[in-house]
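Presented as structure tokens, the chain that follows is alone, the form predicted on its own.
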């Protein structure tokens, strides 16, 4: 067990946790945002990030520090915390991003790890190979082998109290990502970034991103804190957390501000196109769009960066509350409506419902059916799996009707889309207390049929009758042939 990471609550794949960073002497609550700091720029000071925004951890690039003579000397002499004036934990990247951009860097894993330790990094990163999407399998496997060799070097290095990350690569090949996760998990390293996803994010390939993370998670243990490298837009944080990611680094707040772009959880707007500011942060309360546009360039960039960061941290807090309340997937569904590719991501997430179900609590507050995607949630899958465990009598009526006749059957159970059948004694148990629209959609009915089919298959000796309220004929036709069917749509 990794003693530095402890889970406090879960919902779907999302976790509330505590990441203890011994060298910094702090414990970071996850999910956590790591603002990216360029040591050569000062859009927002690290001290301000801590005091105004509540940042507990940030990330900077040790390779840039290493390659900038005056900054390197100050970092070696004064230490990274003094250099940046930041009281929380500091993670450092190794130059792998520069490797992916320019094809080569001039440090080895041993050298950059020793440098990160010398300047006082709290969480270091070895030089992995950030393999891009869609390359040949042969290249992906070769580069993964190199990354794994470097993780083994990092595992043997003397790093003292400094935590060290173990990037998980493998391009867009799920089996390679799972293998990479299993290899990384077998080391004694501490934090597990899922790397090289930025190209997928830049192309809005959220479904492919979900598949990559799901595969990596299958290889990693439950006690592995997972960092989604380069995922900085608040629109996708809820989806990322629901997949099981705990750490996110964001340069978007500053990069977008430099281009006069204004972040919201539903997307990005150019400042020139805004007539109103749809936010109540301190920046938006102080300025109108015209007033922001009239600011000097440097000041406007700083104020926009501050707004972008307020929005980003607010979304992290909103996600934490959703995990605590047990309604994270409702938040993901809401965010999925912001962009068609986000909906692709959510639907792909539900392709992995069986994987999510293993960490999803069996009891929460109230299940809200808010879209056809709700019919594929882990709670529905779990009900279908567990319904087969229940004992059934010789004859059983499954009914949507409120007051059925009881003398013709040994027992009468409710049937409620999307869950399907259940004994009436369970009607007050989660998730069967669900709030479902009166106008039930097709996806919910099809899910209910899957539940009925599961019960029937598990109890071949029971005569089952389904009394439904006007379900479409082609949906009813999906039932096992031996199920008797009654349409009670006209019954009072």
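Residue numbers count along the first chain shown, from 1. Remember, it's a predicted structure, so these values are computed and weren't measured experimentally.
Below, we turn to the form predicted in complex with a further copy of the same chain, even though it does not appear here.
Shown alone here, residue 275 lies within 4.5 Å of a further copy of the same chain in the model of the complex, counting heavy atoms only. Interface residue remark: residue 409 is not counted as part of the site for a further copy of the same chain in the model of the complex, having no heavy atom within 4.5 Å. The closest non-hydrogen atom of residue 281 lies within 4.5 Å of a further copy of the same chain in the model of the complex. Mapping the unseen interface onto this chain, residue 146 falls outside it, with no heavy atom inside 4.5 Å of a further copy of the same chain in the model of the complex. Remark: of stretches 133-141, 219-227, 168-176, 330-338, the one touching a further copy of the same chain in the model of the complex is 330-338 (heavy atom within 4.5 Å). 311 is the sole member of 311, 71, 381, 201 with a non-hydrogen atom lying within 4.5 angstroms of a further copy of the same chain in the model of the complex.
Of the residues 388, 285, 186, 354, just one reaches a further copy of the same chain in the model of the complex with a heavy atom at 4.5 Å or closer; this is 285. Contacts of stretch 339-367 with a further copy of the same chain in the model of the complex, defined by any heavy atom lying within 4.5 Å, are made by 339, 340, 343, 344, 347, 348, 351, listed in sequence order.
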